[in-house]
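Taking the form predicted on its own, here's one chain by itself in structure tokens.
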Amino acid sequence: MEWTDEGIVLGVRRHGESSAIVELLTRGHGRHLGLVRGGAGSKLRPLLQPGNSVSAVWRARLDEHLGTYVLEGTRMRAAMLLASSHAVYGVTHLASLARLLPERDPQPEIYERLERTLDDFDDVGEAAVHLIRFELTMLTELGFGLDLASCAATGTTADLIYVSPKSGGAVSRQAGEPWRDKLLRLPPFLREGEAARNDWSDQDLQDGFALTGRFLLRNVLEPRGQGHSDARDGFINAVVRLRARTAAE
């Protein structure tokens, strides 16, 4: 068995004296593990950093075997990502989310979203928006997608500013007004037609994290006996600090 694919490094663990088991999210073969001979050595260490993109050749005698990887770097992001605290937390959190996906199940939309998110970590606000959208996409891929296209109460597609914490459906301003204190806020960057803006407020970002965080916790993590990763909280706190520092300058 042999295939070649693009991949993004999610994690590495040492195996034996000199090898490593590398976990990739690949474009065409999903989340996939493989053994890299010499992967524990200093020569390959810069390549095998989370967030790097690689060209991967996987070989095994049988499809169900672990197999071996031969990897070549195509986009070495790790040095840039390790230079900022929000990016370090963000990559760690993204990898933990990707591990919720079943192994060897192609997820091309998740791959595209992850690649786009990693490429925009230099802008802290855009990084936060991308990470929230990644969480939203993960909910959809895991079977718990939110219906943000029309009002759950009236069917209208206009003026959607709330989300029901029970159903995950959008709610319009008028329909939601009597229960506004019990509804989640739908941030502008998740509304139809407003995604092209980039002047999101800190409250918009907090609303986005509260929205995706609630449904991830209730529908995905708690049933598995898990909670949000420390890296998620670290990312959010780093974003708040960096945006406050920038606003003060």
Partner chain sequence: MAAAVAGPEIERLIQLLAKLPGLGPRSARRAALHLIKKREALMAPLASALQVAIERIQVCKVCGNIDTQNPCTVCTDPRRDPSIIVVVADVADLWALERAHASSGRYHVLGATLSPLDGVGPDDLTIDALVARAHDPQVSEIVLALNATVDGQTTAHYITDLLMEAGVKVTRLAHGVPVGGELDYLDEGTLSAAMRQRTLF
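Residue numbers count along the first chain shown, from 1. From a predicted model like this one, the values you see are computed outputs, not experimental measurements.
Not pictured, yet referred to below: the form predicted in complex with the partner chain.
For the three residues Met138, Leu142 and Asp207, a heavy atom within 4.5 Å of the partner chain turns up in the predicted complex in no case.
Contact check for Val88: a heavy atom falls within 4.5 Å of the partner chain in the predicted complex. Contact check for Pro50: a non-hydrogen atom falls within 4.5 Å of the partner chain in the predicted complex. Residue contact with the partner chain in the predicted complex: Arg116 places no heavy atom within 4.5 Å of it. Contact annotation: Thr92 falls within 4.5 Å of the partner chain in the predicted complex, judged by heavy atom distances. Contact with the partner chain in the predicted complex, judged by any heavy atom within 4.5 Å, is made by just one of Ala149, Ala79, Ala158, Leu100: Ala79. In summary, among the residues Ser167, Gln174, Thr154, Thr74, the only one with a non-hydrogen atom within 4.5 Å of the partner chain in the predicted complex is Thr74. Listed stretches are 127 to 135, 107 to 115, 92 to 100, 159 to 167; the contact stretch with the partner chain in the predicted complex is 92 to 100, by a heavy atom cutoff of 4.5 Å. Residues of 144 to 170 placing a heavy atom within 4.5 Å of the partner chain in the predicted complex: none.
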